[in-house]
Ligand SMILES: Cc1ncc(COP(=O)(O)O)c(C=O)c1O
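Only one chain comes next, encoded as structure tokens, the form predicted on its own.
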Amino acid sequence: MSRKPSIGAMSAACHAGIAAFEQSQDNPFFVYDLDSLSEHIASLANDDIKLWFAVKANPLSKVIQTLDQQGMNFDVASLGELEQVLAQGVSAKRVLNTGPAKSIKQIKRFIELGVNTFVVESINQLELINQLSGEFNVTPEILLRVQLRFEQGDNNPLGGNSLTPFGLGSQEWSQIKLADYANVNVIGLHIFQWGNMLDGEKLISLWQAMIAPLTELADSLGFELQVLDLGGGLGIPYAKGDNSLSWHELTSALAQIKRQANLNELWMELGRYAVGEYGCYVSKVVDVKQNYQQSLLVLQGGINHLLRPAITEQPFPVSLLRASNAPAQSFHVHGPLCTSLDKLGELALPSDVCVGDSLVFSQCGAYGFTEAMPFFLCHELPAEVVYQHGEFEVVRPSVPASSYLF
């Protein structure tokens, strides 16, 4: 039986149309299945949890519009992300400002544009927001970001138990006096230290372990813990055999945590878990060779479009766009950059893959193009395409280096 590409949770209709659409494209491109994404976001709705979309995962306009239509709120970590969200018609009242770097200029602009909810990562940030709030005669709602350490924790790109620029420890926060910050309203605490977690029991255990130290910190600072923001960190499977999280089990545990901590609101910031499974990346093979008894493929695009494999040493799932009856074999898959770091993985593909074939990398709806390093070696930028209501639309066309070189 011929094997067809697997593209995660994207619909069969979108899947079937990619091969024909690819014929019109000379350069690599991303595709996002907005119909399936919309259904997924609708399935996440829960009365116990307020959901925010971490815009860093995918700031494409059409993605933001799709999530907005399903009632998602937006977690933004830069002025660029804020302007992109507001440009889609989202109210600034539905924006949460996160991120370890908040300059005076950025805070001022956020306040001017109507943002009223901030995650504060340091005492300096708290002082700046308090000062500017007084000047603008506003009283924003504040969550203090906390770093905790746990025996059952580990290290990953968000820090885990290691020292990071994200927030402060309970001891450091306990030194402040909230009365000194009369222009802000501290309503809660924020904690987010683990990324792409696939072990639901471990994730729930970490959440439960946070309750006591966080409530103790709120008590020591003398404010009512109305809101607890547990960030995100919910993973999606990238490799065969990876676990898939149960949203029902997670939300049941979160509802219990909300009751246990006597919270008014429990917040989650979803990025990868919201959009990751609803996008793919397509790139042509430009060279096939054997070297030292190993098979290598070189593609039009590599870590200049998909950086994650170089950061995590974990490849995206891949398949041949056309059907094939050939047996599978292992290939070292590389991109076009003049560095050995440009490797998308050692991956199983049909043995008859050849120059001109296209490969489809799935699970690319999050941390794709905007996480990459597209300007190195001055290759074309990839296109971004959406599939909606049975049609493909190029939202951002591929452009040559001359469009960004001066």
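One rule holds for the numbers: they count along the sequence shown, beginning at 1. Remember, it's a predicted structure, so these values are computed and weren't measured experimentally.
The protein also exists as the form predicted together with the ligand; that form is not presented, and the subsequent description refers to it.
Comment: 270-278 is the region of 270-278, 328-336, 255-263, 307-315 lying near the ligand in the model of the complex, near meaning a non-hydrogen atom within 4.5 Å. Using a 4.5 angstroms limit between non-hydrogen atoms, Phe74 is distant from the ligand in the model of the complex. The ligand in the model of the complex is approached by Lys56, whose closest heavy atom lies within 4.5 angstroms of it. Contact between Phe192 and the ligand in the model of the complex is found at the 4.5 Å heavy atom cutoff. Looking at Pro213, you'd find every heavy atom of it more than 4.5 angstroms from the ligand in the model of the complex. This chain is drawn without the ligand; in the model of the complex, the residue among Pro140, Gly232, Gly167, Gly188 with a heavy atom within 4.5 Å of it is Gly232. Taking the ligand as positioned in the model of the complex, none of the residues of 373-387 brings a heavy atom within 4.5 Å of it.
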